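Look below for two forms of one protein chain, each set out as structure tokens: first structure 1, then structure 2.
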Structure 1
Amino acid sequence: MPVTERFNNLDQAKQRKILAAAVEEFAEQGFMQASMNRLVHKLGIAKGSLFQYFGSKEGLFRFIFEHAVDLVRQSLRQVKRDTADADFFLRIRRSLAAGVAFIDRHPQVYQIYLKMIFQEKFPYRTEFLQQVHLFSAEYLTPLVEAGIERGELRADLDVATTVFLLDAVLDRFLQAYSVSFLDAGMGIYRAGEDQVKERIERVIEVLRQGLGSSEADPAPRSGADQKGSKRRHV
């Protein structure tokens, strides 16, 4: 029996209420700064009860965390299925839109995720980051490989670099959607559905076509380092 046996015997409504309040607390405060006292007060239940249910603060977090991971996994599988035979760029746009939709449905879960990335003292942080890396690799790599095979992507693309680039842009788009001042003034933060869709198209289109003008293309490397020898200033 897990520590949470007692909690599982509660009626669904109470369970949901407790979980919702706990998710809110962790989303707003992070792990270390979250307070069991405050949580208990918000819920109007006794502190002892909460500890009977989950054993410890970390136990509560683990419970919530696993729930959240499930949600993400589910969501990812769904998108992958739904877009299976679309062309590469449509799939990417759809994935990004799905990301935004996920944040709309579970904003606090996303908040916790963001806090975990750079706040070292979260429990399970390392395992979690590994998992996320795996998700992204398992999701994007075959997508890119299929895109190359189908001729939708340049044949000479390095897969790892491309995955990194996509990861960077997708992640930042979602961050810009839920954190102010990260959208470089292009109106992504908390934008409406239509605007989000339009911004997604803009960004992905630039990514597809590239920044460079078609003239002056080749030989990009010569002269990459003028001062010769090492440089380490700034």
Structure 2
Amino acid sequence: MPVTERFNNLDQAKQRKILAAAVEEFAEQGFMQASMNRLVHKLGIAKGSLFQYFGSKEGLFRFIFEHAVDLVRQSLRQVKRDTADADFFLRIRRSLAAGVAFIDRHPQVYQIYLKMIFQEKFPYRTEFLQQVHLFSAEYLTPLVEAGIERGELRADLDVATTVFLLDAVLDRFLQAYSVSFLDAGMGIYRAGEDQVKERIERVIEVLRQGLGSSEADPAPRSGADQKGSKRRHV
């Protein structure tokens, strides 16, 4: 059920309070164990008001999910704008760094995503996860196509397969940053800023070796925005 005008007409401070409390509840409890009673107790509002705003627990969760997707879209749109003239591998590097920064800014939002993947089944789970990866494909496909067109990527690459690979690599990297058993010895889990930059650089170099065009000029590690430096930083 879509969010009602009743919620949209609340002042922004109250909207943010409800949103923050709902994110916290779903992040800590997951969908099945999340309690609307506990939530209204935290918020100090009538339970009926919450149902008037969102219709159901499923409606509230859908709102949280759509809010999270919008936050990610905003972040990646900024990356795309800032790197419009940059080479493909710098754009992927910046995208991955933006993902790490997003987790640092919104850890509970990302925790909800992890619970969707690993911990439980609930209404719309398949739909939500499909949306996540379809959005990723929509973001990555133009980057790959531009990289091939500009000779930065191999001309014989299949775009859909390349996008699938990139989505898997980026998603797993971010999961490993947040989940210890997915680190697999990479040293990504809760790593400091410098270590994360170095691990991103390792991933980018492997991608460059596999996907990069042999005819393209070797891109300096300094990147387009840090000319003259011997090592590129995210």
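Source: prediction; values computed, not measured. Every residue number counts along structure 1's sequence, beginning with 1. For the two forms, the rigid core is made up of the largest set of C-alpha atoms that agree within 1.5 Å on superposition.
Next item on the list: Would you indicate whether the form predicted alone is structure 1 or structure 2?
Entry: Only structure 2 matches the form predicted alone.
Notebook entry, point to check: Relative to the superposed rigid core, does the CA atom of residue 174 travel 2 Å or more between the two structures?
Noted result: Residue 174 C-alpha, core-superposed: shift of less than 2 Å.
Next item on the list: Using a rigid core alignment, state whether the CA of residue 129 is displaced by 2 Å or more between the two structures.
Entry: Shift of 2 Å or more: yes.
Check: After the core is matched up, is the C-alpha of residue 165 off by 2 Å or more between the two structures?
Finding: Not so; residue 165 is displaced by less than 2 Å.
Notebook entry, point to check: Following alignment on the rigid core, what Cα displacement (Å) is computed for residue 15 between the two structures?
Noted result: Residue 15 is displaced by 5.1 Å at its C-alpha.
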